[in-house]
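Below, in structure tokens: the form predicted on its own, a single chain.
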């Protein structure tokens, strides 16, 4: 057993998270953070599989499994009923990089979570009927979220515009719903067997519980699960973009919109933190540059946003906004470029940079008060290389300089690194 302790060496007060970590013989990593202040335990299982692990002709499988995992396992026909009887709640999410399942329940019923999660890691109760039910659910979700609401298909269009090779070119739900509709039971079983394994998962638990209590339960319920032959990840590297790309579409929407994407660094690169703060400088709150200049003062947009996709592999920084009636697209686009260029040619004040740093820090620290957030973050940082990284996020943001902001903006916001979707309202 490895016990890690941390002391703050910074001038600011940071919540340092202590945790214990072990690895079972079958490869399952187990992390425990003890928090005596709560009677509720957060039980989180992260699988190292996301939409980037899918075949380009069979996309949406990781998201489909987010649904299938609740359809009953080998020995437990109903997942929700025993959990509700134990006073627990559960949910899950899928991203480009991971699939994450979590439970919150009273500590005295923690073994229920071990029982449920270990059994569906062992094997699901696959059947044609259950697969068909979840195919229909995912199809309806695809229609509602992407096709039947205004601007819903914007990122179905923008992702393949920005990415030509890397599997980030499709969203987690898949690039075409036919891939889910045509999925066979054998294909689904194969995807499960090569990804949902103890040696491809991280279990993290937070609450008034210790590793001494967790370890025997982990060995009892997960220890006998066999290792599996996890597929070796060999992702295509996205080539450097050398020419601006654009696409214009016309849709039945109330107003024109513009979506701009720029390639940025990976999660473990220092430039990631710089780029994240750049997105905050541009559009985090009503005091941000884009809101003040383009919404409030010039009244070119009714709303405008900037954010990063937050991917593990090199991701995107996005800028998108909805134009005010009567504003020409070229006028709106030129105004955005002008704001992006200001980051390169103007000196950023200490006050402005510290303001976004402080805002990030307060949100991050507040988030760490949640046991569930801590459980999810511990598992995620362990996936990145070491759960201890959770205690160094703030210092990485604090270390960003004004010079780094300017230099990174120069690399990001050049025309040849841009992919732009012009989303026009039908006249």
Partner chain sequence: MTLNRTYQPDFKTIDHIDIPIPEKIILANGIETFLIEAGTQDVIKIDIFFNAGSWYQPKPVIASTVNEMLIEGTRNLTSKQIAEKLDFYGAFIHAQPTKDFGNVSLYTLKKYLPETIKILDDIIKNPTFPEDELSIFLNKRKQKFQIEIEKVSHIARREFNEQLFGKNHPYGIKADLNDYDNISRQDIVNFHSAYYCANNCKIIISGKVDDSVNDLVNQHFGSNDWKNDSLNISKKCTIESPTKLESFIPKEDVTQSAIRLGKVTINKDHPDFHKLEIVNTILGGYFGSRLMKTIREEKGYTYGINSVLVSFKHAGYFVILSEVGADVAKAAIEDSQKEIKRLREETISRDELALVKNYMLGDLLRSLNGAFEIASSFKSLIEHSLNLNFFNKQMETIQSITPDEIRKIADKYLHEDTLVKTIAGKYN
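Residue numbers count along the first chain shown, from 1. Quick caveat: nothing in here was measured; it's all calculated off a predicted structure.
The form predicted together with the partner chain exists for this protein as well; it is not shown, and the discussion that follows is about that form.
Of the listed positions (232, 237, 85, 186), a single one reaches within 4.5 angstroms of the partner chain by any non-hydrogen atom in the model of the complex, namely 85. For the residues 210, 331, 292, 266, the 4.5 Å heavy atom test against the partner chain in the model of the complex is passed only by 292. Exactly one of the stretches 277 to 285, 160 to 168, 194 to 202, 340 to 348 approaches the partner chain in the model of the complex with heavy atoms within 4.5 Å, and it is 277 to 285. Although the partner is absent here, residue 221 sits close enough that one of its heavy atoms falls within 4.5 Å of the partner chain in the model of the complex. By the criterion of a heavy atom within 4.5 Å, residue 365 is counted among the residues contacting the partner chain in the model of the complex. Within this chain, residue 310 is remote from the site of the partner chain in the model of the complex, having no heavy atom within 4.5 Å.
By the criterion of a heavy atom within 4.5 Å, residue 242 is excluded from the residues contacting the partner chain in the model of the complex.
Taken together, the three residues 18, 190 and 399 all stay farther than 4.5 Å from the partner chain in the model of the complex, as judged by their closest heavy atom. Residues 104, 105, 106, 108, 109, 111, 112, 115, 118, 119, 122, 133, 134, 136, 137 are the ones in 102 to 139 with at least one heavy atom within 4.5 Å of the partner chain in the model of the complex, listed in sequence order.
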